[in-house]
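First, one chain by itself in structure tokens, the form predicted alone.
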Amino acid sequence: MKRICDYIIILFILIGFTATGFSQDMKLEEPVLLTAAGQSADIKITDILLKRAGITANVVNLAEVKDLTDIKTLIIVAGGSSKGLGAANIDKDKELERISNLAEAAKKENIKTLTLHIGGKTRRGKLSDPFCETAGNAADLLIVTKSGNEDGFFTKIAAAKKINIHEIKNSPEMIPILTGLFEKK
């Protein structure tokens, strides 16, 4: 019963967003910095999808504040991977600190932040959720898979921040959204 009530509350919040004007997406610009929060392989998929949408990104798995120079949009791909963290030789706490620092610097520099979660259920849970929360809270806009948001995790973040969220069935559905966000002048 509590879960049904949670979904009803979320539905009313989302209806309120539309009524109060939060349904308009911002326009994003290149140059783009693409990084991972949690070091999953989803960053590679995202890079391919960006290219298909005609968007060029500087891909830096372990991006730091210095990498934001001359950047107009930061894209963070959220989802933890113990294998990816190990390969990057970084632990969970250092990765969370890195993403927090990057997000804070982007905000100070007025760099728009787009957070993506394309890994679905497999990129949620004890390891991934702290990365998803940190990256989600850094976002000016969220694009997430429905299967990764079945519990309303990202919807709650979007509601609290009063930002838009796009739910997609699968990662290729992101291409037309990205194309619209990065309209070429």
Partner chain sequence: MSKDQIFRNCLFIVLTIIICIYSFAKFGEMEEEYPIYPGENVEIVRLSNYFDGIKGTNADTDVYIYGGQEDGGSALILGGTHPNEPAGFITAVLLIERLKVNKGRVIIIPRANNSGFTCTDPQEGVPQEFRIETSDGIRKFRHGSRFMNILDQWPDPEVYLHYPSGQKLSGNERRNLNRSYPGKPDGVLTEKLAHAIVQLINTERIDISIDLHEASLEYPVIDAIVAHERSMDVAAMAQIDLQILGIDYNLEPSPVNFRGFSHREWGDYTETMPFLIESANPIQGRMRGETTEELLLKGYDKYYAEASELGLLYTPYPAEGIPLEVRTGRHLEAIKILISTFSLLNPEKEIGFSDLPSYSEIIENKLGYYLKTGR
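Here the structure is a predicted model, which is why all the values come from computation and not from measurement. Positions refer to the first chain, counted from 1.
There is another form of the same protein, the form predicted together with its partner chain; it is not shown, and what comes next is about it.
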{"item": "Output flag, Ala41, Arg52 and Pro172 jointly within 4.5 Å of its partner chain in the predicted complex, heavy atom basis", "value": "yes"}
{"item": "Selected contact from Leu28, Leu68, Ile45, Val59, since only one has a non-hydrogen atom within 4.5 angstroms of its partner chain in the predicted complex", "value": "Ile45"}
{"item": "Interface membership of Lys72, its partner chain in the predicted complex, 4.5 Å heavy atom rule", "value": "no"}
{"item": "Its partner chain contact at Lys121 in the predicted complex, heavy atom, 4.5 Å", "value": "yes"}
{"item": "In the predicted complex, Ser81 touching its partner chain (heavy atom, 4.5 Å)", "value": "yes"}
{"item": "Candidate stretches 28-36, 113-121, 134-142, 156-164 - the one whose heavy atoms come within 4.5 Å of its partner chain in the predicted complex", "value": "113-121"}
{"item": "Neighbours of its partner chain in the predicted complex among 85-106 [non-hydrogen atom within 4.5 angstroms]", "value": "Gly86, Ala87"}
